[in-house]
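First, one chain by itself: the form predicted on its own, in structure tokens.
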């Protein structure tokens, strides 16, 4: 698997990051171990989790299950991985957070966000220690602010994160689900004060382009343009395969995520994916992931089952010739 530099840190990581969100809940221990072992054997080393994963998967889940599972699975080989986790979206009121899920499958995000722990200095200090305990490690390689918290002064949040970096408990910091103007403000404040500055931003990004309104959790044109100029910040893309909608038309029409992408632009790009997949003897999902890799993005994959992982893995080394890349780019 190809390695890329994270920002301009000098730290190389595997270009495909393994999202471990469901490990310890929806994905049982034997399956989690099998997926992790295969990923490491393929040359992967960039693991992604969060302190809140995955409270929504069942009544007994409260968050932290993924970190605890990784602690078990990484015993004796912590030094083989680059480990990212997150703070700010831990749930302070589980009943209220669960009640924000509507019967029609949609979510009242405003109600959900009112239950988030936020990114105050007290939360960051407390939750970093909790994550270190659950992960069974003495340091976190990359620590993200999971959801941008505008109620906490940026100076407070950045100073708290910098304290963690200076203590050696965190190596690098990042931000997730953040608007471009806020990211610019965060970076400027950090640099002006000599604080640790974000080396990665994690947002939703895929080959298809959203048809709806601009939202902070999805990489729009402005953020992509900003990142092209500020190459000290890497783009880590979650939902890189949009839950697998590139291959299964019936599933695509039935899934909630498609509503944000449905339209003529996506139909044209799906046709391009299908053409390239046919030329290469690959699946649509594999082509969509390979396209992100050619663009220098660090895509996250989050397989729930071994079959999911097995179907994605060929994309790690799938070559997109320039003429087929052009088909995708010009759709």
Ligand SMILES: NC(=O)c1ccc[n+]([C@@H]2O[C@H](COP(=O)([O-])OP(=O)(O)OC[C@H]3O[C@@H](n4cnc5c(N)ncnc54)[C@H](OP(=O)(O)O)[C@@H]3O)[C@@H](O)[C@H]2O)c1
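Residue numbers count along the first chain shown, from 1. Note that the structure is a prediction, hence the values are computed from the model and not measured.
There is also a form predicted together with the named molecule; it is not shown, and the following applies to it.
Put simply, of 243, 134, 112, 171 only one has a heavy atom within 4.5 Å of the named molecule in the predicted bound form, and it is 243. Using a 4.5 angstroms threshold between heavy atoms, residue 202 counts as touching the named molecule in the predicted bound form.
Put simply, residue 197 is far from the named molecule in the predicted bound form: not one heavy atom of it is within 4.5 Å. Interface residue remark: residue 19 is counted as part of the site for the named molecule in the predicted bound form, having a heavy atom within 4.5 Å.
The named molecule in the predicted bound form is not approached by residue 295, whose heavy atoms all lie more than 4.5 angstroms from it.
Stretch-level contact check against the named molecule in the predicted bound form with heavy atoms at 4.5 Å: of 34 to 42, 47 to 55, 258 to 266, 271 to 279, the positive one is 47 to 55.
Site residues 78, 159 and 166 are none of them in contact with the named molecule in the predicted bound form, judged by any heavy atom within 4.5 Å.
Taking the named molecule as positioned in the predicted bound form, the only residue of 71 to 95 that brings a heavy atom within 4.5 Å of it is 86.
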